[in-house]
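Have a look below at one chain only, the form predicted on its own, in structure tokens format.
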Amino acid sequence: MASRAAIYRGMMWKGRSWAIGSRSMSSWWSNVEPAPKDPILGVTEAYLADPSPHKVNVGVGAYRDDNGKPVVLECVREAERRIAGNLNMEYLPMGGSIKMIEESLKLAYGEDSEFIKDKRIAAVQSLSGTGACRLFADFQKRFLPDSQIYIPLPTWANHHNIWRDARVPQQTFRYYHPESRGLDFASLMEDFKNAPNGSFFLLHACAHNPTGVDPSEEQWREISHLFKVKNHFPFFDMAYQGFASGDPERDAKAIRIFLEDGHLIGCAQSYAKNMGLYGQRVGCLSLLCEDEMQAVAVKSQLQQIARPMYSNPPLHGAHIVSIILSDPDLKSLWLKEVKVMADRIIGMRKALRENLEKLGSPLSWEHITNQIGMFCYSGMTPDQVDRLTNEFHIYMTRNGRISMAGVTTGNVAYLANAIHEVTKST
């Protein structure tokens, strides 16, 4: 071992920092530049910094009541009351809460699903839907390293980050038709058909983010048939089950169609929106396998991927979900509350459209009520959005995506008037 003197001889004191060789210890991170602001979170930062009493935030992807306040569901409060003082704080297994996973699979695959009974589903608790997507992306890279993922254009911006950081090459497929503000079904089907056989596709199960545009049931059936012909793998991100229509069964229809057609699927579930558990980070990743033996193997590998990431998932939110979904009374209350949230969003869509039409807007605003879920893809340009912010103190992402959760009976007329002013010369 080198003497202390020898070590010191290899080091030089420069000002206030030690230098080893030619590198100063104070300069290890001098090449690190500030990261660009998240386009969604940056909207909220700008909104909070605005002193205007008239400011409106329709950028946040979290539910608000008609007073613009965050909501904690009563079923969640009751579950917390039951948990308080009754549970220890020990680690969950790497795969998470077994009870929470069981209830999540019933919600996604059906209460009486044969796949659950046959133990053909590999499933682990995840850090909400984002964590489920990331676990799957890493699983895809590890076991099919030459594969790529096809992602809808547009999609939730973080989808691109997730598969990029998992080093899975990305392609896009056409999804949204700007002129009609609806689904570009012909182009979507063409892209599915032209993709190499056996490709991976990311699909939004319901309430597509950011457009609010979903395929119809018949269109889902056509998509499923083509996937069967092409042997494509469907990975569903289901962040809004129940929150889209108010009916969790209806919102899972796309997944059920693919299951009926004999597909093996992947599914990312989140309880952020439909139970308001945003900060609890509760989700589930599931993969339907050929048989029970394959499901055991796949689950073991998902747990191995999770281990160095975060070791095991958080406890509290998983208990909340388990209690709500396993108790008939609490589940019934949840179904009522999630319908109230969905109905308020649907009501605000109707009100925004009616206000715009009353103002005599020369544009068609039918797409506001044709779209579904938390977001309305308004069709406004970045310049128009900038005018909304600069002139009217209305904040949203520059792609024109309106979070309908931020629209209330108190601000809908003001919002409609502002939108009319920036779009009437279009």
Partner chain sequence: MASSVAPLALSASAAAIRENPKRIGVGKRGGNLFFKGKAFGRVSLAVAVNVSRFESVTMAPPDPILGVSEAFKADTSDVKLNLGVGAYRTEELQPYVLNVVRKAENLMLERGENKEYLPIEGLAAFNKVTADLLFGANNPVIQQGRVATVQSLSGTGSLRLAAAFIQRYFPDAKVLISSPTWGNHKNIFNDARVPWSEYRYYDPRTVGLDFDGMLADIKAAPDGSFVLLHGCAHNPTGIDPTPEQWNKIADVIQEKNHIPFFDVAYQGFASGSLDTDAYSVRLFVERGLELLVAQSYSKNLGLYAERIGAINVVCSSSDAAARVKSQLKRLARPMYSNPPVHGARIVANVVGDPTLFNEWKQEMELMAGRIKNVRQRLFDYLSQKDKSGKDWSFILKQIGMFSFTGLNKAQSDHMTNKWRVYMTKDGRISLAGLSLSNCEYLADAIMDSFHNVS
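Numbering follows the first chain given and starts at 1. Just so you know, these numbers come straight off a predicted model, no measurement behind them.
One more form of this protein, predicted in complex with the partner chain, exists but is not displayed; see below.
Residues 247, 249 and 343 are none of them found to lie within 4.5 Å of the partner chain in the predicted bound form, as judged by heavy atom distances.
For the options 76, 188, 213, 323, the residue carrying a heavy atom within 4.5 angstroms of the partner chain in the predicted bound form is 76. Out of the listed residues 390, 30, 364, 67, 30 is the one that sits within 4.5 Å of the partner chain in the predicted bound form by at least one heavy atom. Stretch-level contact analysis of 329 to 337, 315 to 323, 173 to 181, 350 to 358 against the partner chain in the predicted bound form, using heavy atoms and a 4.5 Å limit, identifies 315 to 323.
Within this chain, residue 262 lines the site of the partner chain in the predicted bound form, having a heavy atom no more than 4.5 Å away. Within this chain, residue 106 is remote from the site of the partner chain in the predicted bound form, having no heavy atom within 4.5 Å.
Interface residue remark: residue 102 is not counted as part of the site for the partner chain in the predicted bound form, having no heavy atom within 4.5 Å.
For residue 38, a non-hydrogen atom is located within 4.5 Å of the partner chain in the predicted bound form, even though that partner is not displayed. Looking at 290 to 317, the residues that come within 4.5 Å of the partner chain in the predicted bound form, counting any heavy atom, are 290, 291, 293, 294, 296, 297, 298, 300, 301, 304, 305, 307, 308, 309, 310, 311, 312, 313, 314, 315, 316.
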